[in-house]
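Only one chain comes next, encoded as structure tokens, the form predicted on its own.
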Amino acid sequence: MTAPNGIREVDVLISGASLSSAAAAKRLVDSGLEVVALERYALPRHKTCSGIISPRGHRFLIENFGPLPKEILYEPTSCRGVTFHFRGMIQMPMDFDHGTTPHLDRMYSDHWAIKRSKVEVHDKTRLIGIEDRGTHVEVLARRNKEDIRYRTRVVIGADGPNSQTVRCLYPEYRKQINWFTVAQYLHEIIECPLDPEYFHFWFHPVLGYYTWSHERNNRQIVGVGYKAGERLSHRHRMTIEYLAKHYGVKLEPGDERQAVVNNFGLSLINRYVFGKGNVIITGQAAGFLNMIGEGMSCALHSGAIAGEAVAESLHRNTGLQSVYRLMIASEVKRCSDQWNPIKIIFGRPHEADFRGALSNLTARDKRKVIIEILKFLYPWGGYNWGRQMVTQALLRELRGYYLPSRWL
């Protein structure tokens, strides 16, 4: 509804038109609420991502949006699992639980899910400012250099790691966390012995903090990640040389580069950002990121929880923050468990059997793998995460949950 003063009034406004937005919107629309999603780019829009979703995320998409059409998938259309690579040519292939998962083209898969959610989308519209008045929220947005105003009962920030919603709520937040840049370079393939059915990840700190490769539409992605400000072209060049020397990978020069800034680390140390007042944050904007950088499944589930919490709060006239934080604790537990050293050693928090793959190695190779993982983790010590991870892991064992007092 548009008021006489030109302000658009809605029950819920979502910032972003991603998978987490679609999941939240579906819950809200299904509950009978009027919902608008703002997207700063024209849809369908590009999204830098490997596109390989976890089995849990795959199930969510099917259960909530229906069978996946082929046009939202890359070739190869599915991924069998993950292969960990270590120096000394030790390899640990791990199949996903419950079979293969789809290889999503995020430009079209996100748009498909948004359309299936039935939310009203205002694309090419960027959120600029938020003013929480207590009874409602005033939102300033901009489209084609023209200011647009919304009045809403609730705002959901589902606008990714570099979230404008978080910036509005916490102006100093960006200075308080570590930022990382991840870039993937696409190469035409001359020869690539790497198994195209797997996502390949290297525990090699010299190459970078996050180094991976997999096939996409007859090209090979070579991805690297490092702290913000680092020249990733140098890391990429080293990785290309390393793959050629040790794996016989021969690629044409990269013909496309895609990069994104990430708030990696929040899920490791239980420092999630969930908002305040009538504004809640979800998806990677809140800090959800699974092991090996897969963020789609936790984005979908946290988005759905955000939608359910808002619907519950509005229909029952209860406090939004208390409802949301109580409900989101289950996703915090599932996500942070994936980084929890105690759960990794003694449990099975992932959707691929790391311990089973490790048990298949010889005793000598097991020792090598453990040493290589420790070497890989050593450079992260500069971020002061190790002690926090261990402390949170111990408290999780003692209390059965991660402390909400650490959340913004």
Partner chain sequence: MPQDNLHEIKGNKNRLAPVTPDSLTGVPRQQTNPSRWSGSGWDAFVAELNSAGVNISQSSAARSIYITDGGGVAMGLPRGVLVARSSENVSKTLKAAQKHRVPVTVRGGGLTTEGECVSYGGLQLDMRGMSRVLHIDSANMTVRAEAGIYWHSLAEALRRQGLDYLSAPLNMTSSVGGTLGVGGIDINSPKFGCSADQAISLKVVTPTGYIVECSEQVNPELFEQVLLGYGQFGVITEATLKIRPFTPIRMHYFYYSSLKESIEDLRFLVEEEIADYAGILTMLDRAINLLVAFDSDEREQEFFSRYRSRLRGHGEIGFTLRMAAHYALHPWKVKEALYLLERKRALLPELSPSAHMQDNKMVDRTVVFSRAVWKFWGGRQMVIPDLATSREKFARAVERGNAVCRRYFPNYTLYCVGIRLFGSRPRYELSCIPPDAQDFAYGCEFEPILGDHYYSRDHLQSFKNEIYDIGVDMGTSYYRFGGMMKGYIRRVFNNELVDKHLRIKQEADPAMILNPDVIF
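As the structure is a prediction and not an experimental result, all values here were calculated from the model. Positions refer to the first chain, counted from 1.
There is another form of the same protein, the form predicted together with its partner chain; it is not shown, and what comes next is about it.
The putative spot formed by T83, H350 and L374 is not touched by its partner chain in the model of the complex; no residue has a non-hydrogen atom within 4.5 angstroms of it. The listed set K118, R257, H246, H234 contains one residue whose heavy atoms approach its partner chain in the model of the complex to within 4.5 Å, identified as K118. Proximity to its partner chain in the model of the complex, taken as a non-hydrogen atom within 4.5 angstroms, holds for one residue of I345, I370, I62, A42, which is I62. Only one segment in the set 27-35, 352-360, 335-343, 379-387 has residues whose heavy atoms sit within 4.5 Å of its partner chain in the model of the complex; it is 27-35. Under a 4.5 angstroms non-hydrogen atom cutoff, its partner chain in the model of the complex has G99 among its neighbouring residues.
Taking the partner from the other structure, its partner chain in the model of the complex has no heavy atom within 4.5 Å of any heavy atom of K47. At the 4.5 Å threshold, heavy atoms of R133 stay clear of its partner chain in the model of the complex, well away from it. Though the partner is left out of this view, W112 does reach within 4.5 Å of its partner chain in the model of the complex, counting heavy atoms only. Although its partner chain is not shown here, in the model of the complex the stretch 323-340 places heavy atoms of V323, L326, M327, S330, E331, R334 within 4.5 Å of it, in sequence order.
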